[in-house]
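Two forms, one protein chain; structure tokens for each follow separately as structure 1 and structure 2.
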Structure 1
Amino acid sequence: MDAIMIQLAGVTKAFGETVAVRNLNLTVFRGEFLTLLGPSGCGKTTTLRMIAGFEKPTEGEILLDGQPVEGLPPYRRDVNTVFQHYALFPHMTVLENVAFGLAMKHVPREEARRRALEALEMVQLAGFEGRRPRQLSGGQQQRVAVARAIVNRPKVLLLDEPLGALDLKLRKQMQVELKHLQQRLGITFIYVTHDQEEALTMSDRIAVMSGGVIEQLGTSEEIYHRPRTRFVADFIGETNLFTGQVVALSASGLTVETPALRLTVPATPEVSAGALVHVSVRPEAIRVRPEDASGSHGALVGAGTVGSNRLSGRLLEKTFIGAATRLVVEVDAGQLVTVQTHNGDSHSLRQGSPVTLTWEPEDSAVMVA
């Protein structure tokens, strides 16, 4: 994964007054599964369409396998797209759809047929080649769209929310299949989605986008556990955010003071004393137990020193969500904290009862506000 396959350098795209993508720099390696993740309107699809050649960057440069693609129309770029609504040709059979790209490249008829059938087999649609797209289910159409793209063995496969129209179960199954397919073929995938779970499951790296810029680029673990901006922390998964000021710095940790609380967080190089920061703590990182007699209300035990964070609060809500139980706790400062526990751990807790929340500093992330 060392060779660079795609490079976007200072790419900006404006539609009239609206800037969809702003000064974007991104490197995608050969064979990588990179996901552009973000809410609608964050510029992820525009970025994909610029790589495909459907949109022309207002500024900046895109390199595909080292070659600038500027001025190359989509039909001369060695990339293929799986469209959001598949865009299968309704007047052609499944086989004709899949063989379309090969026919355009003047691959001999027999070979094209053989390769198309092979691709259909790869997406588990052997035997469907004579059907028309409208005779297939959504999931099957999706597979045809994938087969139609990968049959060309493109350098890069672009996928624009390809699973968006499928139901949850099928989506999860297709996530696994797509990932396997990608690993097997070794094709570079650039995958656009607004579904953070999908992104976390499938990607080698994720670029979280918002307002036309990349907020953070990293592996699933990095993005999830060490979000660098408040937006990323909030968008990926569920989190508890505290906002406060750094009051003490030490090699092993920082102390952050909010109007009512004092928290210990891991040392972070880019944060200096006095800085205003957000602290993010995932619900599943917090342990809960009935209020113990020794607990002092609200304030952190052993304030100023580095150790476990401990908050007192009152249980407001308890919701069984299947594999876990979700608790909403009002800590003394009036702030609500969401906690996710194993079902057994919260068994004895009653609504309204006083509880103590604890978590380790390294389970929280800090970002400059």
Structure 2
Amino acid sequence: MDAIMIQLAGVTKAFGETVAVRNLNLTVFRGEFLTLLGPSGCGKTTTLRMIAGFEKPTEGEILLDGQPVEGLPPYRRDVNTVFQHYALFPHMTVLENVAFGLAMKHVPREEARRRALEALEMVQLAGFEGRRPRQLSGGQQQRVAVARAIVNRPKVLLLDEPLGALDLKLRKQMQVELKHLQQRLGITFIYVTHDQEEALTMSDRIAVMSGGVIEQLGTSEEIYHRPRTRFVADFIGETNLFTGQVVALSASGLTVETPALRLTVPATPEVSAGALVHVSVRPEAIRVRPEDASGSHGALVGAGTVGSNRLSGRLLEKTFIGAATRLVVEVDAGQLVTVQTHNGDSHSLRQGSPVTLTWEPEDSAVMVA
């Protein structure tokens, strides 16, 4: 996955006074599954449309497999796009829909039929070739749209919120199927979504976008556990954010003074003494235990040893969420801290009771404010 397939260099896109994408630099490797993730209006779909050729950059250059694509219309670029709305031809059969692009390229009929049937088999729709789109479920129609896109064997497949119209269970199933399909084909996928879980599940790398720029580019693990900005930490999943000042630093870690407590966090090269920082701690990293009236501690709730970060508070909410229990604790300075525990670990906790929260320094991510 070392060869570069797509490169965006200094790409900006403005619609009148509105700048949708600002000086974007991005490299996508051959055979990679890269996701553009962000809220509505962050520039991810505009970026995809520029790669596809539906929008022209105001500034900058886009290269496909080392060649500039400026001036090339979409049908001349070796990419195909799958949209949220499948845009299938209702009067055509499934086979005719899939083979349509091949017919436009004047591929001989028998070869087009063979390739269309192969594509349908890849998306697990063998035997459906004679049906019309109205006879298919939403998930099946999406598979047809994917088959129609891959039948031309493009170098890059662009997917713009392709699972957005599906229900939750089917969406999760299709996430797995699309990832497996991409691995089998070895085609470069660029995937647009606002769904964090979807991005974390499917991607080799994720580009988190906000305000037309990439806030962070990295693997799912890097984005989740080592966010570089407050926006990324807050947007990806759920987290607890503390803001404070670095009051001491050593090779082993930093001490951060916040209104609620002193935190010990990992050493970070770009953070100096006196710096204002945000500290992110994921709910599942925090352990909680009850306190009795004398202030002594009950048995620890959650795995692991007691960390050097300790915080006292009062349990406000306790919510069963299926595989886990979600707790909301009010701590000093009125800050609310969210904790996620295994269901069996939370039986001893009572709403309204005092509790102690602990977590290890290495479970914190530090970002310059």
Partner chain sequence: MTAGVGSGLTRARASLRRLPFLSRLMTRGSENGRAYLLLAPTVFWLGLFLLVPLVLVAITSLTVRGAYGETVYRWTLANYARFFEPLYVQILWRSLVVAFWTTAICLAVGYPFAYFLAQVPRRHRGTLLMLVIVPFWTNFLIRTYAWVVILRTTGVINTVLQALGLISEPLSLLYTPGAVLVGMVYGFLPFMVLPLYTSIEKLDHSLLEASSDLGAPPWRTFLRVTLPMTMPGVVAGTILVFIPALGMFVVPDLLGGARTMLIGNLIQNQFLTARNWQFGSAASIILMALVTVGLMAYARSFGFEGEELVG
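Residue 1 is the first residue of structure 1, and the numbers go on in sequence order from there. Each form is matched to the other, and the largest set of C-alpha atoms that superpose within 1.5 Å is called the rigid core. Note that this is a predicted model, so its numbers are computed, not measured.
S.K.: Mind telling me which structure is the form predicted in complex with the partner chain?
M.R.: It is the first structure (the form predicted in complex with the partner chain) rather than the second.
S.K.: Superposing on the rigid core, is the CA of Arg76 displaced by 2 Å or more between structures 1 and 2?
M.R.: Comparing the forms between structures 1 and 2, which are aligned on their rigid core, Arg76 does not shift its C-alpha by 2 Å or more.
S.K.: Is Gly186 one of the residues whose C-alpha moves 2 Å or more between structures 1 and 2 after the core fit?
M.R.: It does not reach a 2 Å shift.
S.K.: C-alpha of Thr243: shift of 2 angstroms or more between structures 1 and 2, rigid core aligned?
M.R.: False for Thr243: its C-alpha shift is below 2 Å.
S.K.: If you line up the core, how far does the Cα of Phe89 move between structures 1 and 2, in Å?
M.R.: Value for Phe89 between structures 1 and 2: 2.4 Å of C-alpha shift.
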